[in-house]
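Next comes just one chain, in structure tokens: the form predicted alone.
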Amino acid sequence: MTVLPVNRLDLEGDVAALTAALLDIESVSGNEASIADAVESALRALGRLEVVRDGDTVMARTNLGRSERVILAGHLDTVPLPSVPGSRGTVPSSWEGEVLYGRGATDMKGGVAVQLALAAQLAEPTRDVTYIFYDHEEVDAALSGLGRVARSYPEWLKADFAILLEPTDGTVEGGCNGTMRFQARTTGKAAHSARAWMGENAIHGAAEILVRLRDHEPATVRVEGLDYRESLNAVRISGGTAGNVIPDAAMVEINYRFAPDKDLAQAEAYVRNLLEGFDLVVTDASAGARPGLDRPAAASFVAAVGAEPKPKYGWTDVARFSALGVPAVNFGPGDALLAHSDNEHVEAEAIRGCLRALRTWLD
């Protein structure tokens, strides 16, 4: 039996080159074993960190007795590779000058490379640091490696502050909006479309739902100094059985992105009030996260970065930390708008700049 060598990662060299090496290890959700092996091997080789492996999640931490502990977290998986021939956001990676292309370049192997470089370069950080590299972020939340850590290793998520190295173009993004999905169903009576008066059209019955959503004015809510823009939209509609049958059922799927001033019960009540009289079923819900920028560790980090913090409109795993009472922000290299695209790329200097900012703060 031939034993294949573990992918070797150079944590001491250029962090952009390290990003390319990570991109070259295909790690679509469910296939993270190889990259987790490489990360685990590189961290254990440092010899000064406590390292634990759980499935395809790898955790490492310093134990220097510092007065504060921070968590640096990032996911190892990516969305599936592009299916369009000639796409550059694929595996293996490629360079065009100082721009690195490949699946996961922005979401989020640049951030993972920064974590690994910090683990290698910071022998005596001013704060104790916990590094978490987790699996299954891009799929069903129930499969999340970070969620598994919270259940099986809760002591590893105890900290004063957490940074999720999701792409933010080098800007601190505090907290995140929550998200909730509903199905609004209408019922009618089936009939032949040539005798429509014998039936009741369920699709037409959904029109009032769409009118209320169209006319709804989304709020902008200030939370701890950051303005979170909400949105409430129909994202899918279905109904009908045949081209000559009056439909007896229809469904409108609705997504509500709500500011972190609301908990799940309040967000649900808001939508039910707007769509009173309709049958609503909640199909998915994740609470948002307050920014927590007033905490000492968070405030010092924002000061070190030196840029005005912004709100995070999309949902990220900072919400998991917030639920545990750990204030968390998003901060990482790359443009989030390029995530999952067939043209996914990141500038080498953005990765290096992210590393410099975090090292300055922690060293």
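Numbering starts at 1 and runs along the sequence shown. Just so you know, these numbers come straight off a predicted model, no measurement behind them. In this text, the rigid core denotes the largest set of C-alpha atoms whose superposition between the two forms falls within 1.5 Å.
Not on display, but discussed next: the form predicted in complex with another copy of the chain.
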With the cut-off set at 4.5 Å between non-hydrogen atoms, does Gly102 touch another copy of the chain in the predicted complex? no
So in the predicted complex, is another copy of the chain close enough to Gly314 to count as touching (4.5 Å, heavy atoms)? yes
Considering only heavy atoms, tell me if Arg185 and another copy of the chain come within 4.5 Å of each other in the predicted complex. no
Gly243 near another copy of the chain in the predicted complex, any heavy atom under 4.5 Å? yes
Which one of these stretches, 92 to 100, 211 to 219, 105 to 113, 70 to 78, sits within 4.5 Å of another copy of the chain in the predicted complex when only heavy atoms are counted? 211 to 219
Identify, from the list Ala142, Val84, Ala265, Ala194, the residue with a heavy atom within 4.5 Å of another copy of the chain in the predicted complex. Ala194
Which of these residues, Leu293, Ala287, Leu232, Leu275, gets a heavy atom within 4.5 Å of another copy of the chain in the predicted complex? Leu232
Contact check, 80 to 118 vs another copy of the chain in the predicted complex, heavy atom within 4.5 Å, ordered by sequence, gives none
Compare the position of the CA of Pro85 between this form and the one not shown after a rigid core fit and state whether the shift reaches 2 Å. no
Residue shift check between this form and the one not shown, rigid core fit, Ala73 Cα at least 2 Å: no
After fitting the core, Gly199 CA displacement of 2 Å or more between this form and the one not shown: yes
